[in-house]
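For reference, the chain that follows is the form predicted alone, supplied as structure tokens.
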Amino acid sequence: MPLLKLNDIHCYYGNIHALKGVSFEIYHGEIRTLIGANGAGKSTVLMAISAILKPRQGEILYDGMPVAGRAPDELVQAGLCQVPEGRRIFPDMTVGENLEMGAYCRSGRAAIKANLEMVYDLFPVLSKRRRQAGGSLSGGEQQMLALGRALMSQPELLLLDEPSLGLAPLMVEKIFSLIERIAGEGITILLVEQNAQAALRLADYGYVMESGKIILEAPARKLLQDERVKEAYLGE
């Protein structure tokens, strides 16, 4: 059974038809990616999965249960967590406080503390800066903080929205390496990313979106070799 299944999803912003029959599945332990130009509908897909945006048509199933009618925080408790575009950390809170906010829906102080140490082990720079205000971190460090905060919720499915946005090439490489390590812990990942080259090199399977529709899908390595993808998204 797929961990996540979208079936003929249609979403609107007012009269704008943003998603036009989007369907796909993700299975446990996979990394799948959505690539496409700005405005293709990639982030809208994540908003619908997280129950922030309600589809007018179609069904989304998470772990076999409909997302419709469930609140976003209920989905977080069920193991579905989104890292939004632009990080959205709490700039006036310390790094430690930001991470603790990621565990707001959990109980059991010992388990939370163990989870916190795991995050600090994954992101050593956050441990060094745990008493610093989140807003004082660099862009790459803030992205690490956003990832760490999400991991504090103990997700089963992690939705990542443009994690490389605004980062220098060396930091992009580091962030993608960390995402690979997170996936190695058994966390399923749906990655929305404009850096198609990096996303497809990381992912198991990919979808190409255009004007609210999935126009192409295949194993990621195959998409990397597809002439249409090369021309449109890989700059080749």
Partner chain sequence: MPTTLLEQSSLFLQQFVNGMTLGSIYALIAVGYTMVYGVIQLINFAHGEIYMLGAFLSFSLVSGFFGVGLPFVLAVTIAVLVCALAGVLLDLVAYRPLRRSPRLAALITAIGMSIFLQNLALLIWGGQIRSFPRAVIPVFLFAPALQFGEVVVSWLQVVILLTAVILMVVLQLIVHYTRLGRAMRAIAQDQTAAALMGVNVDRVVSYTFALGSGLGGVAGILVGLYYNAVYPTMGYLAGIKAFAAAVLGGIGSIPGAILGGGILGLAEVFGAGYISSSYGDGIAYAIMILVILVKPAGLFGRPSSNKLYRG
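All values derive from a computational prediction rather than experimental measurement. Numbering follows the first chain given and starts at 1.
Omitted here: the form predicted in complex with the partner chain. The next part is about that form.
- Residues with any non-hydrogen atom within 4.5 angstroms of the partner chain in the predicted bound form fall in just one of 195-203, 42-50, 173-181, 23-31: 42-50.
- This chain is drawn without the partner chain; in the predicted bound form, the residue among L165, C105, V125, A114 with a heavy atom within 4.5 Å of it is C105.
- The partner chain in the predicted bound form comes within 4.5 Å of no heavy atom belonging to R130.
- Remark: C81 counts among the residues lining the partner chain in the predicted bound form, judged by a heavy atom distance of 4.5 Å or less.
- With a 4.5 Å cutoff on heavy atoms, D121 does not count as touching the partner chain in the predicted bound form; it lies far away.
- By the criterion of a heavy atom within 4.5 Å, G139 is excluded from the residues contacting the partner chain in the predicted bound form.
- Taken together, P72, V76 and D92 are fully in contact with the partner chain in the predicted bound form: each brings a heavy atom within 4.5 Å.
- Counting a residue when any of its non-hydrogen atoms is within 4.5 Å of the partner chain in the predicted bound form, the one hit in 139-157 is R149.
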